[in-house]
Every structure is written in C-alpha cells, then in structure tokens.
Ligand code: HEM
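Taking the form predicted alone, here's one chain by itself in structure tokens.
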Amino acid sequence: MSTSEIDRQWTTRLRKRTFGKLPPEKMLPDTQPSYVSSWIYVFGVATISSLVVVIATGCVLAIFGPAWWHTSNVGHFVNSMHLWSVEIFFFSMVIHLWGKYFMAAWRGGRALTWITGMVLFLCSIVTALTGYVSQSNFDSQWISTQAKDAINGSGGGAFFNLLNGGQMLMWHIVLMPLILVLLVGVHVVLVRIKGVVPPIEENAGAVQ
C-alpha cells in the first residue's frame, strides 16, 4: 500500500487529527501554570474524585441489592458512603461551576468546555433524582409521588415514570452513569486541548 493510500484511510486521518489537537504532553502534562495552585482550581478535581467514589460504592450496592443496604450494618455504611460522596460531588461541582462563571471560563475558545460542564450539571440532577426514587423506602415513595405531577405536566411522564421503580433504577445505574462518564471524558479532553483557563487579570489586555 502506497503512502498516499495510507494517508487517505480514516484511521490515519483520525490519528493525525487527534494527535494534532491532543499530543501526549497535553493529555498527560508534567507541569501546570502557577495560577493553578489557587484553591478554585481544586474543585473540578474534587468533583471527579467524588464521582469515582459514587460509582464504586454504587457498584457495591448494585451487587448486593436493597435488602442488603437496608438490613446490614456494612450495607448501611456503603450506602452512607454513596450518599455523602454524592453530597461532596454536588458541593464541589456547584463551587466549580460558580468559580468558572465568575472567571468567564468560556474565554479563549472554551465555549464548548463550558457547555459540556453545564450539560453535566443538568444530567447530574436527573441522576440524583433517579437515585432518590430508587432507595426503596418511604423517602423514595414520597419524592416520586410529589415529583410525578411535574413530570406529567411537562408531557414527559410517558417516557419518564417516577412511579416505575424498575425504570428509575435502570436509569440510575445504567443510562445516566454512562452519559455522565462520557460527558466527563469529553469535558476533561476539552480542558486538555484548550488548557486551564487563566485568571481574568492575565488576559485583561488581550482581544477576545
């Protein structure tokens, strides 16, 4: 096969485009700018770290089932870890979101990075809702019956039935985690491509 034929292959074009936009030194950098030492840059990593704990504890809960986390001391502990890692996840994500808002993090061609972060936030709310109604206790019954009218009023009740415990559980442990992990991956790759957004003062004289 000639060089020109190899260059026309979609795998060759994809590889060149990928490594052109995201070379190894960007994907796995050795150093970061000095301004990254600010605490506001920590909360993005804290969000991802807590998400890892959420998924890990969720996998354990899925293996042993609701009878285990309602009746076992170990199950209560893992369920509590799952809950508090979700709390840390949302706490870190909201601070990260507002921090980036006030830093105008869409600067420098980073609009898509900002958009994926916003979509991630909205998808996380849906994931949390499906988790709450999957607890199989009185809390989940109350939440589902109170929230169903809003969903039905929007016309989405035919596809998203909060009173269908099986459907909500599948959304929570399969569909929404897949969407979140995919979006997180895209978000992190975009950050690597464009770099971490600098403080506004450093670009005050630049043309946007």
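Nothing here was measured: the structure is a model prediction, and the numbers come from that model. One rule holds for the numbers: they count along the sequence shown, beginning at 1.
Below, we turn to the form predicted in complex with ligand HEM, even though it does not appear here.
Enquirer: In the predicted bound form, does every one of Thr47, Trp114 and Met118 come within 4.5 Å of ligand HEM, counting any heavy atom?
Expert: Checked in the predicted bound form: all three residues contact ligand HEM.
Enquirer: Wondering, does Pro23 line up within 4.5 Å of ligand HEM in the predicted bound form on heavy atoms?
Expert: Looking in the predicted bound form, residue contacts with ligand HEM do not include Pro23, since no heavy atom lies within 4.5 Å.
Enquirer: Is Pro199 close enough to touch ligand HEM in the predicted bound form, meaning at least one heavy atom pair within 4.5 Å?
Expert: The answer is no: Pro199 has no heavy atom within 4.5 Å of ligand HEM.
Enquirer: Within a 4.5 Å heavy atom cut-off, is His82 in contact with ligand HEM in the predicted bound form?
Expert: No, His82 sits far enough from ligand HEM in the predicted bound form that none of its heavy atoms falls within 4.5 Å.
Enquirer: I'd like to know if Tyr132 sits close to ligand HEM in the predicted bound form, meaning any non-hydrogen atom pair within 4.5 angstroms.
Expert: Tyr132: no contact with ligand HEM in the predicted bound form.
Enquirer: Listed by sequence position, which residues of 95 to 111 have a non-hydrogen atom within 4.5 angstroms of ligand HEM in the predicted bound form?
Expert: Residues within 4.5 Å: His96, Leu97, Lys100, Ala105, Arg110.
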